[in-house]
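Here we start with a single chain on its own, the form predicted alone, put down as structure tokens.
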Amino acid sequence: MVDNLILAQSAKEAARLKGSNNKSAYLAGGTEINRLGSTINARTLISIGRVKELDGIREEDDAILIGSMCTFQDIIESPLTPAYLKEACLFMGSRTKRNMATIGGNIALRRTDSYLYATLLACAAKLTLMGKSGKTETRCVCCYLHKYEELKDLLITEIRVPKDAKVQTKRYSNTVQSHAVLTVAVGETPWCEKSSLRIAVAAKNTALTRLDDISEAMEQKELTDEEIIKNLKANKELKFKSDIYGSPEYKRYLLAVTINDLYRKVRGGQG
């Protein structure tokens, strides 16, 4: 139960307060903390809604820098935002919710039905994180995802996405207002040295992950649906279960054909 609310006046103050209280959480747009069945369990909320330095979208060299308090609607309306990120933000069907939900909050929650994670993983987005000392560090979004226990108390101050990435994303849900059963993204990004191709998936109640084995293989040649399905069966993170959305076999098939469809669009210059 929340019994204390602190209104932070700066990013440094917010990061310091969070680092000093392990039963606290950041309050950004409030769409998660205010919903029924929220996953946030904290006694103290540190509101960052008044911290102006966490707002705004700007261009720098080959990147677009987005403040973590920018809402989905801010991102959609900015002329600087790459089209692939606008598309992902529009997956949130409610404009009222888009006016509240922030990009930083969506990343920090790590929901397996995330609107943005597949796209951010596919473009190799980077995060600027601030610790309680006020010092910042840069981590890729994949690193943040997999090292969350180490990084969870750091404040996300900025998200950096490449201007020139080509990303195609497909989302499957029952309705436009529903959270996704499956979100798949395939991207070509200049920010990765090993392989420019990135494939990522957000699978409800299953995993948020990059599919590096498949992307490295498809960097060389297009795989058949059957070859992708075989790889998915061996993936230790994507342990699909039967539920109202379908069987594991169906979900692997849907994921495989979607990967191939998005791959052709990216390689065909439709990014």
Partner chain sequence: MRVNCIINGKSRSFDVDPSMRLRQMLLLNGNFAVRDSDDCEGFCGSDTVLVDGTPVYANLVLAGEVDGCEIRTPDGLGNPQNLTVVQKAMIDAGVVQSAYNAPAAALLLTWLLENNPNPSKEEIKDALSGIFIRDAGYENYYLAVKLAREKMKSGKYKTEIAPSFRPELDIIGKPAAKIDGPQLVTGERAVVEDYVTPDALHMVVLRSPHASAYINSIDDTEARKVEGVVEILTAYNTPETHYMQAGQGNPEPSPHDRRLFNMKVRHVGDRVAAVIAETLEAAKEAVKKIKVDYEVLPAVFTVEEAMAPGAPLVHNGIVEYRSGAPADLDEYNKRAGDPREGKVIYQFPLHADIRKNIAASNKGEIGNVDEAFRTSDAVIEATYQTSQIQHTPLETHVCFAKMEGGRLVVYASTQVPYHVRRIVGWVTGLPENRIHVIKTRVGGGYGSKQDILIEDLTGYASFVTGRPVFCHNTREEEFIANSTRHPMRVHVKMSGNRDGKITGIYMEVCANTGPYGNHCLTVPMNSCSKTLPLFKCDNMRYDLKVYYTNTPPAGAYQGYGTPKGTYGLMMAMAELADKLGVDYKEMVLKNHVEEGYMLEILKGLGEGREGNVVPVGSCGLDEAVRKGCDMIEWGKRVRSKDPDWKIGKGFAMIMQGSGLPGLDHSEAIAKLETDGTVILNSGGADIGTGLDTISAKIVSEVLKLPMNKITVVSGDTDSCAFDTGAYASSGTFFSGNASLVATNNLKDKIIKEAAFQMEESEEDLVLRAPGEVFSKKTGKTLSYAELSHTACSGSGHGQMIAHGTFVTTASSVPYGAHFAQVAVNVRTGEIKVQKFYALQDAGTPINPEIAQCQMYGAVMKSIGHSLHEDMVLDRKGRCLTANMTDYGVPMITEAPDDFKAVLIDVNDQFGPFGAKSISEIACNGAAPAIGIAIHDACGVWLRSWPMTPEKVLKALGKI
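Numbering follows the first chain given and starts at 1. As the structure is a computational prediction, the values presented were derived from the model and not from experiment.
The protein also exists as the form predicted together with the partner chain; that form is not presented, and the subsequent description refers to it.
Colleague: So the partner chain isn't shown here. In the predicted bound form, which residue out of His179, His146, Arg160, Lys163 has a non-hydrogen atom within 4.5 Å of it?
Modeller: Spelling it out, the residue with a heavy atom inside the cut-off is His179.
Colleague: Within 4.5 Å of the partner chain in the predicted bound form, heavy atoms considered, which of Lys170, Lys132, Lys86, Arg110?
Modeller: Exactly one residue meets the criterion: Lys170.
Colleague: Against the partner chain in the predicted bound form, would Met100 count as a contact residue? Criterion: heavy atoms within 4.5 Å.
Modeller: Met100 belongs to the contact set for the partner chain.
Colleague: Please determine whether Ala28 contacts the partner chain in the predicted bound form, using a 4.5 Å cut-off between heavy atoms.
Modeller: Contact with the partner chain, yes.
Colleague: With a 4.5 Å heavy atom cut-off, would you call Ser247 a contact of the partner chain in the predicted bound form?
Modeller: Yes.
Colleague: Looking in the predicted bound form, any heavy atom of Thr138 within 4.5 Å of the partner chain?
Modeller: The answer is no: Thr138 has no heavy atom within 4.5 Å of the partner chain.
Colleague: Exactly one stretch in 45-53, 209-217, 59-67, 232-240 has heavy atoms within 4.5 Å of the partner chain in the predicted bound form; which is it?
Modeller: Of the options given, it is 45-53.
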